[in-house]
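For reference, the chain that follows is the form predicted alone, supplied as structure tokens.
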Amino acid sequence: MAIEDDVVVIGGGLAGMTTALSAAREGSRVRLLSHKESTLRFASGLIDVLGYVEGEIVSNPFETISALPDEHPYQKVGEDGVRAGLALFDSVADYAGDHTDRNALVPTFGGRIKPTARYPKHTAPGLASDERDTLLVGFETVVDFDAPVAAEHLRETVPFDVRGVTLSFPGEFRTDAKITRLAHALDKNERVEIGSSENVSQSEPVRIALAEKIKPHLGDAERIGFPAMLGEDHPEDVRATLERKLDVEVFEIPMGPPSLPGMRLEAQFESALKEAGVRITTGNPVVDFESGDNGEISAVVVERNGAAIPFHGEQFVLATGGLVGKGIDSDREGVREPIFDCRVPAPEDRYEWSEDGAFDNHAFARFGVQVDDELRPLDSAGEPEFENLRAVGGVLGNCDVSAEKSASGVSLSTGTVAGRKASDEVNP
């Protein structure tokens, strides 16, 4: 029996999940095909819409979108599309930042400041616009966050005092304990050894032990920043306990993978997808497609244990990511989109793909499929490759989302609009 849906979405990252949710909420029967774990768990958990244009920081993305090039994805969906993407996100995630169009300035684990549109509520007390004196606390086993170095960098840009201290995490955890292991210990408030008295070992809950370790270093600090590891399942409880024992606000600083904020966000999207009735198939790659007599796509083909499994649908959305996510592939022959062989423009001379400096304006950063106003990939003649295929997120060209800090915004806005358009085709 053929597997058939109204809308089939290929890719399980933020763009794919947004597309699937958007289409399902419009009444379509939706299938989401994801090869690997969602890329959300490898991201910081921040939602960037537009942080920089030509190297200059953007304070209000909505005052800048109209100045972007005509082929930029934001011009395809318009300001309304960007706002619709954020509205969908706000309906899914328990985040801060929806009270204003302006970017917030969030400290990073390297001690820099990042402009972002939405951020976890656990991060909110640490914004750089808040001028309260701050203590950053790192741990010997969490080597990606050097609190004294991060504090030193922050002092160069913020108008308040920042200090950093590195402590040993309470208890007898392995020196190579993963950040998720420490988070789970805080979730469960495990009892940890804190020494001995009269040859009797003493223990106490890890949250209490952690607060006691910090107290001698608190000084005049009015808030404390930790690497984002204050629990995976119960971060509110962990934060509340620490704030009560230390009598200051506590916040988390977004980290690289494994990202607890990213994993929490992934769980919230999965819950929303389940509630909307989206069917999710994971673990195997989409490798090919089938087309009908009218030239439209009739199915995509998943490879499972050597067998080719077709997933039929009426509308298809490509959300497989860019060069990093393998949604765009390159070799000596050129650049290509590997599933549907959609056109990806690139200079024939590979020396023109990149510049000398690591942070220069590289052409490869803007490689991706070109789309029309319906978000359908275009061929070399400027015509849709397929009438029933749309593309969203990182697979789109004409924008350098890394330099712009716009990856999440592009995924949310194009995903929301494409999901709605695909559903409209099925349910006119």
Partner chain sequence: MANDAEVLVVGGGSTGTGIARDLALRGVDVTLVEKGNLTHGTTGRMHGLLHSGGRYAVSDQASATECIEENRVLRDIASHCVEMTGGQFVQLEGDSDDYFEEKLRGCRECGIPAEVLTAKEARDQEPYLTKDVKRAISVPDGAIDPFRLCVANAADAEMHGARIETHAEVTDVLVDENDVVGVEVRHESGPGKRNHARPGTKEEIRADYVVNATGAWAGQLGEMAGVDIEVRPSKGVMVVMNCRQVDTVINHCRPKGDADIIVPHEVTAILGTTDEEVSDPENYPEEGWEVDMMIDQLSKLVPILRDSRTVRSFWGVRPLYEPPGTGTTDPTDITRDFFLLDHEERDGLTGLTSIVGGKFTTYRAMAEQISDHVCDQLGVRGRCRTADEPLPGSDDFSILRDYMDEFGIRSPIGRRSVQRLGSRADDVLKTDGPNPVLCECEAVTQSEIQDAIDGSGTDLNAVRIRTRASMGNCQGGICCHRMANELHPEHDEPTAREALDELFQERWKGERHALWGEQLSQAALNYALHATTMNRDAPEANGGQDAETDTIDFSAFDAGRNGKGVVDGDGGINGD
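Positions refer to the first chain, counted from 1. This is a predicted model, so every value here is computed, not measured.
Although it is not shown, the form predicted in complex with the partner chain is what the next lines describe.
Student: Tell me the stretch among 98 to 106, 225 to 233, 306 to 314, 291 to 299 that has any heavy atom within 4.5 angstroms of the partner chain in the predicted bound form.
Tutor: Looking at the partner contacts, the answer comes out as 98 to 106.
Student: Does residue 112 make contact with the partner chain in the predicted bound form, using a 4.5 Å heavy atom cut-off?
Tutor: Residue 112: yes, in contact with the partner chain in the predicted bound form.
Student: State yes or no: in the predicted bound form, is some non-hydrogen atom of residue 250 no more than 4.5 angstroms from a non-hydrogen atom of the partner chain?
Tutor: Flag for residue 250 set to no.
Student: How about residue 52 - does it come within 4.5 Å of the partner chain in the predicted bound form, if we only consider non-hydrogen atoms?
Tutor: Judged by the heavy-atom cut-off of 4.5 Å, residue 52 is in contact with the partner chain in the predicted bound form.
Student: With the partner left out here, check for me: in the predicted bound form, does some heavy atom of residue 127 sit within 4.5 Å of the partner chain?
Tutor: Residue 127 belongs to the contact set for the partner chain.
Student: Has each of 257, 330 and 356 got a heavy atom lying within 4.5 angstroms of the partner chain in the predicted bound form?
Tutor: So, yes: the whole triplet contacts the partner chain.
Student: Within 4.5 Å of the partner chain in the predicted bound form, heavy atoms considered, which of 188, 279, 350, 217?
Tutor: When the partner chain is considered in the predicted bound form, the option within 4.5 Å is 350.
Student: If you check 37, 372, 400, 387 against the partner chain in the predicted bound form, which one has a heavy atom within 4.5 Å?
Tutor: Only one listed residue qualifies here, and that residue is 400.
Student: In sequence order, which positions of 156 to 191 have a non-hydrogen atom within 4.5 Å of the partner chain in the predicted bound form?
Tutor: The stretch 156 to 191, when checked against the partner chain in the predicted bound form, contributes 156, 157, 158, 159, 174, 175, 176 at the 4.5 Å heavy-atom cut-off.
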